[in-house]
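The chain below stands alone, shown as structure tokens; this is the form predicted on its own.
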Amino acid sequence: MPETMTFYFDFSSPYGFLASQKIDELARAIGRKVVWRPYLIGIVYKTFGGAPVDHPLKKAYMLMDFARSARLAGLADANFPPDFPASPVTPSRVFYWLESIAPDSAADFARAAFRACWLGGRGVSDPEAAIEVASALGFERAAIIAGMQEPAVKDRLRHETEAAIAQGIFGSPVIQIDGEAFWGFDRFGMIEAMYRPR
């Protein structure tokens, strides 16, 4: 069983999207298994302040840098979802519901949900987008709708968000390896340099 690395992300994060499309490549390069952990970065901003989209200079830079980073990652067609910045509660709940009943499908859902929003023009907060992605993986619509409303699923997302913040996770993406955190898609090269098997 390979060692793990934990991938913390928010479905509304532009760099979380880029990371989601490249994280498996990184994991193979360093011989790790990815543990996917969506959480609500909005709770970080609500608690501590500092949302990048609230700062006009940071927002302008982020818009430019995302386009540049997407091109370099081979994802030049990426664009901000129509509802950006939006609540990622629905896809996050669907993820944790899937993890509870079909663990191997949760990461597939996350990758595809990111693509639907950042490449397919769907809204992050649009329940239909998340439902359609999960349906395409073979899950029944009624079960998805019921599952994402389960109290245990809602509690799980709340718990994962609180647990991430308690560990000092504050951005998206953050990769945690052996207790060390790396914030940002631009840290993938550093992670590979540090952890690639010799």
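One-based numbering along the sequence shown. Only a predicted model underlies this, so the values are computations on that prediction, with no experimental measurement involved.
Omitted from view is the form predicted together with a further copy of the same chain, to which the following refers.
Q. Using 4.5 Å between non-hydrogen atoms, is K154 touching a further copy of the same chain in the predicted bound form?
A. Outside the cut-off, so no.
So, G168 and a further copy of the same chain: in the predicted bound form, are they within 4.5 Å at any heavy atom pair? Contact check for G168: yes, within 4.5 Å of a further copy of the same chain in the predicted bound form.
Please run the contact check for E180 against a further copy of the same chain in the predicted bound form: heavy atoms, 4.5 angstroms, yes or no?
Result yes; E180 sits at the interface with a further copy of the same chain in the predicted bound form.
### Query
D186: heavy atom within 4.5 Å of a further copy of the same chain in the predicted bound form?
Yes, D186 sits close enough to a further copy of the same chain in the predicted bound form that at least one of its heavy atoms falls within 4.5 Å.
Based on heavy atom distances of 4.5 Å or less, which listed stretch (126-134, 24-32, 142-150, 62-70) is in contact with a further copy of the same chain in the predicted bound form? Among the candidates, contact is made by 62-70.
>> Each of A106, R115 and P197 having a non-hydrogen atom within 4.5 Å of a further copy of the same chain in the predicted bound form: is that the case here?
In response: Heavy-atom distance to a further copy of the same chain in the predicted bound form: none of the three under 4.5 Å.
Worksheet item: Going by a further copy of the same chain in the predicted bound form, which residues of 113-129 come within 4.5 Å of it through any heavy atom?
Response: Read in sequence order, no residue approaches a further copy of the same chain (within 4.5 Å, in the predicted bound form).
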